[in-house]
Every structure is written in structure tokens, then in C-alpha cells.
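Below you'll find only one chain, the form predicted on its own, shown as C-alpha cells.
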Amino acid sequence: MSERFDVAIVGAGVVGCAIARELSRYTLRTILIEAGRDLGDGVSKGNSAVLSTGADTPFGTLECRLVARGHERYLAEAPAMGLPFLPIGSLTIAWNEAEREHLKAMHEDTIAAGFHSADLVGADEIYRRVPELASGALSAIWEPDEGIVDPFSTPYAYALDAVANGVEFRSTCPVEGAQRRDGAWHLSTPKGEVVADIVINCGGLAGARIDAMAGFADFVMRPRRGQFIVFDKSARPLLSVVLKPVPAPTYRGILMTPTVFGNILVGPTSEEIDDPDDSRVTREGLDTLVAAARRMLPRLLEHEITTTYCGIRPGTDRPEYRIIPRRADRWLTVGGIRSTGLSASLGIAEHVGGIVAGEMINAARKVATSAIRVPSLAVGGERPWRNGGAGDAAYREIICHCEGITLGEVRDAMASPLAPQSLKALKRRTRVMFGRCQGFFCGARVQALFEQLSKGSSP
């Protein structure tokens, strides 16, 4: 049986969730459908979690404009949703004379593009901010407005906000076909046909394939694999800012950054791959990351590695964002959103919302909307056990000792309107099993709790 919507958004990564949140502000019947078992289960779960200002994107491009706007909106809107932002700043460092000259030109272009907070600094300032940095740094661009965020809670908060304001969410619902007939798009899925006046394709790595179902072929996917190493929290005192290399024309390079969770992250690599599902962590990739750590912050290698992971970026045969509004066909493609997708997500949502609600369909903006708030999982964030459990014994029973996650927090995550549909999703919602032991101590109990709570039983 078919269901009719004004707008169907395909893909619940951070961009699709942000667009769903944006369209929930309008009098539209919107559905967000996701092929995976949970939102943020694809490209969005593997990134560096740095919120960029746009100062290191190609100036004058749509990407630069939307990253800058996304940064601005995140600072204004994220705190009310409970999302953390730590404004630690970034240093893009030159290690030789050629890089120093390139960095000087980059800084001039950065200021000319309107990023006036960026400052060109010398070695004294670099080592004042990062005393443990390897010797030999010559100069750097200091960008004080950049910072770090929670990459897992962000799409969850956007989707939760969207659902609270009327958007329907459907997971495990891959699009298997798309036909336009009788003035609407008919999307075939395993959970029935979805009929929509407008389709927004945010399919990530599947974006070109989904476009092809509808008869469009504007770009070719060129996926790139990026591997990361997460170092133990014991290493955190070594680094308090984001460290970046001078970028190459097609690659931003391996960065080093603290995380809001108290670790240090090194990555990503950049590897062209043929199979978009090839998310292996390889020996070669790890060796590349370890070499970068040794070159920039050698004492980091004295600390244990907590985990490794891999993200696949949905690159295309063109370097720019592929945001393509097909107004006559009532189909809008949002593709080629690579490593800046997290930073740009709210900017992209605003841009797409303006096209949909401003040009493609007549929709009034809602007078009022419902607010949501997610738990802050950042170090020092508000946690129930910090105030004695608020009278609830479940908030005093620690399940995951590495991350300090309580039974009550797991229970609350499973009771969400967007309850996690897999153990991995529960980990992203709460950080349970994400710590030093990687679930060795608590894994069996967490698995049992997940299965029990999934059935609606009490813990």
C-alpha cells in the first residue's frame, strides 16, 4: 500500500538528518528513509569531528559558503539541543620553506575571502600552544574559531528534532526503484512504496546509483577510504588544538586532533577504492598514520591505541559539491559531500530548504516547533551520575567503567523515539563499550541489555 508525502529524503546521514530537521519547520509531510538499520550508519559515522569554519575550503565555491554558514548555525543552534562544541582552534603548520611560502599565500587568500580571525604566526607561538610538537615547525595559520564536536550525537539530534516536529523516519528501507508517474515519484522499498511530490537524494555512497534509478547521470562516484587511529585518553595532555598539514591540491592531509571524548585522533588517510563497502583498516594505512604521529607529535606513540576505524568519503569525478536541483523533475540531488559534510550540514539544509520550500512547493513556515535535547557525551558534560543519580538508582549503577556509562543512560537511549536498532548504534548513542577495554569488561552485559530492552522488558 502506498503512502503519499510532500517530500521524501533518501539517506539519513548527517546531511539528510539536517535537511529533515530544516523541512520540519514547514507545513510539509516529510519522510526520511534510510537503507541501514540506523541513522548515521554510513558515511557519517567515520569522520574527524572537526567543525571547520570554511577557511580551508576552496574560496568562492558553494562548499565554502555552506561550510561557513553551517559553522555559524551550529554555534547558534547546537547548544539548545545539548550538542557540545569545544572551540580549541587549529594550526596549519609549515615544516619547510616551500610550505612556508605556500602558507603565506594561503593566509592572504584566507583574509581576502573574509576569514579575518585567521592569523599567520611564527614558531614561538606554535610551540607556546603545542610544546610537545616535534622540532622544525616554521610558521602556521592559527584559526581560533575552529573546534571539535560529537560526530555521533549530531545526526541523532537533528533526526530527533525532525521527528519531534512531524517528520516520519523509516530505517532498513533501501530504495530499490524510482519511477515518476501521475505527477509524483514512486519509490520502491522493502517496506512498501513511498510516493512523494519531491525527492531529495542524500544517498551518500549510493547517491549516483539512486539518481540512476530516476534516470539521472550527472556524476560518477569516486569513493575514498580514510583510516583513523584513536589514542588513549592518557595522551590528551599532549595536545590542545587541531594540527593540520599544509594541504595538497586534492588532499587535506593527515590531521591530529583532540576529541570531545578525551582521546587524540590521527587521520585520515586518503585512498581511492573501487568498492565503496571496502572499509578495511589496513597495515599500510596504520603505518602511514603512525609515521605521521611520529613526525608531528612523537610522544604520542608512548601511549596506547584505544581503537582504529575507517570512513569512506563519497567523492565524485568532480571536486565540488554536487547539489543539483531538477525543478521540473521535482528531484534534488545532494551528492559529493565529502569530509566537510558535518561542518556544512546545517548550511546545506538551509540551502536545500530554500530551494524546496521557496521554489519547488508552496509551504508556510510553522509558527512554533517542539524542542529536543540529547545528553552531552563530552568530557565534563552533564551526566545523571554527577548529581547523585537524581534519585534514580539506575543512574548510579555503572555499566561501562571506561566511559562512566550507567544503566539508566542505556535504558534512556533504548526508550528514545529513535531507539538504536543495533548494538553499534547503542554505542554511538551512549559511548558504552567505546572506552579503553573496547567492551571486554561490559560487552556481554551490554549485549544482553540491548536484547532485553529491544523486546520492551525492564532492565
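Computed from a predicted structure; not experimentally measured. Residue positions are given as counts along the sequence shown, with the first one as 1.
Beyond the structure shown, there is the form predicted in complex with a small molecule, which is absent from this document and is the topic of what follows.
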property: Selected contact from 430, 48, 406, 57, since only one has a non-hydrogen atom within 4.5 angstroms of the small molecule in the predicted bound form; result: 48
property: Selected contact from 226, 353, 223, 84, since only one has a non-hydrogen atom within 4.5 angstroms of the small molecule in the predicted bound form; result: 226
property: Segment that reaches the small molecule in the predicted bound form - one of 75-83, 369-377, 169-177, 297-305, heavy atoms within 4.5 Å; result: 169-177
property: The small molecule contact at residue 339 in the predicted bound form, heavy atom, 4.5 Å; result: yes
property: Any non-hydrogen atom of residue 420 within 4.5 angstroms of the small molecule in the predicted bound form; result: no
property: The small molecule contact at residue 20 in the predicted bound form, heavy atom, 4.5 Å; result: no
property: Partner proximity in the predicted bound form: residue 107 to the small molecule, non-hydrogen atom cutoff 4.5 Å; result: no
